[in-house]
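Shown below, as structure tokens, is a lone chain in the form predicted alone; questions about how it binds or moves come after it.
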Amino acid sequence: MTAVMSLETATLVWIALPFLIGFSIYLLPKLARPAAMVMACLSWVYSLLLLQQDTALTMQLMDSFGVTLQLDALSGYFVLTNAMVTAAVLLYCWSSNKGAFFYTQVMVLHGAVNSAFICADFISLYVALEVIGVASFLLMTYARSDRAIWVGLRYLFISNTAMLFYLMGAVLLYQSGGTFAFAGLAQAPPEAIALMTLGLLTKGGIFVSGLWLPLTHSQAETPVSAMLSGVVVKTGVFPLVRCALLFPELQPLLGLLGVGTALLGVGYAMFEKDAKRMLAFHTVSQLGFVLAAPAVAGFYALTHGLVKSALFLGAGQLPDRNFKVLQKQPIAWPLWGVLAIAALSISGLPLLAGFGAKTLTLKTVQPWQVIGMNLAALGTAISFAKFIFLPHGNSKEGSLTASAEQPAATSINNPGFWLAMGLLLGGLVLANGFYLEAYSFKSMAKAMLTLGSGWSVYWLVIRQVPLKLPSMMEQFDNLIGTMSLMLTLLFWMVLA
């Protein structure tokens, strides 16, 4: 009983602390970096407490308003992802000229993401997602350029439209059952489930509703892209995973969307010539992996968050974003090394956590999902061959300077970059311990066959074909129209 009370008390303090630190940064701006780093470390400690939970602990707050929190190992994986990605971004920016406003928004975003990962009711989740949307918008527009402001406003409008659908669904849920709790979905009308699912699919970057993501993530500053792709979009996927575990009858619907998302994202990523857009499209694909197997979604979300943050931070140091240019200009061995390690992990190379996560996911999916998910895994190997086979040389031949996008303070000559890479890539090695059963001869042989096949397709086909898929579906008006079509489809699927 004492341990339960201690965890409940620690949870309340942990939820409030990042917001307190964030707003206190304005009073003591010189403490912005260390205070933010302390908060990231506290989240890391708290996530370990959650991972040790054998059974879920439910907290009821403000009963008349229906605020419910659920603390378990699933939340622990997602909170750990948030802690490590935030810490890596802080290290990366340590020597930059980011002001107190930037670190305030990072802390507000960190706290809201943490809250979303322990919510078990739809109204407190709505509040957390809205705070995440505003904080993300402010970070996207931090550079104050015309392009950044337009991309940020585009994101904010799409996010608010999605949340309007979500809120209408939450109201219908409350009318039918008198509760906002996730458990209330058992009595929810089909239109409520369809509306809330559409909002979460859009926020989470799932299937065609998530095609706002590539432009947004690729145009943001490098550390912001790392946070958005590494952890923020998972706040839309997490509630879907939680509901799928509560109600197995939802799993076929979400599983189908997971397979479709994995294939859609990787299809675009294979032919994308821009490095950051390719990473953003692949975030869409990997979110499909998270959604396709809810029972193991936490582990996959952790490995993807570490990999994608490392890749975005590394890609920000490339001398150019165009792969055609990069194939003619050798980069430095150290930079190529970190990019290659992260790319090999997400491609499923043994000895890195991506191998265990992908093996566990493919073993967990339903039989009808196997072909699609294996094709997506092959597409992943093809896509990331673009990074693995970049030309590289010694420090005199390669590029050791920051890209035009990044100031010199965040170039790879800066210790903060290497500390961030050490944290993320070290995490990929240590996370192997979560699923050592993956290291069977059959699993490792399959992984190596997938890698070999993917690299062969890259060299023989993808590298030779100057094909670029149309970006029509990413246009603003088409994105809004797609939401309406998805709502109709979801309503039909829920009824079926």
Partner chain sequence: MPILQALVFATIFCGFFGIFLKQNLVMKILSMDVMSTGVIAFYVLIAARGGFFTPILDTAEPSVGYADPVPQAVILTAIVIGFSIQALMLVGVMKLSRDNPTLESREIEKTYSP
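It should be emphasised that the depicted structure is a prediction, and the values quoted were computed from it without experimental measurement. Positions refer to the first chain, counted from 1.
Quick note: we don't show the form predicted together with its partner chain, though the next part is all about it.
- Looking at 86-94, 289-297, 148-156, 365-373, the stretch with residues near its partner chain in the model of the complex, meaning non-hydrogen atoms within 4.5 angstroms, turns out to be 148-156.
- Only one of the listed residues (Gln251, Gln219, Thr104, Asn414) places a non-hydrogen atom within 4.5 angstroms of its partner chain in the model of the complex, and that residue is Gln219.
- The partner is absent here; in the model of the complex, the one residue of Cys243, Leu167, Leu390, Leu378 having a heavy atom within 4.5 Å of its partner chain is Leu167.
- Although the partner is absent here, Val13 sits far enough away that none of its heavy atoms falls within 4.5 Å of its partner chain in the model of the complex.
- Shown alone here, Leu351 lies farther than 4.5 Å from its partner chain in the model of the complex, counting heavy atoms only.
- Using a 4.5 angstroms limit between non-hydrogen atoms, Phe23 is distant from its partner chain in the model of the complex.
- With a 4.5 Å cutoff on heavy atoms, Gln475 counts as touching its partner chain in the model of the complex.
- By the 4.5 Å heavy atom rule, the three marked residues Val134, Leu138 and Met483 all count as contacting its partner chain in the model of the complex.
- Of all the residues from 158-176, those having a non-hydrogen atom no more than 4.5 Å from its partner chain in the model of the complex are Asn160, Thr161, Leu164, Phe165, Leu167, Met168, Ala170, Val171, Leu172, Tyr174, Gln175.
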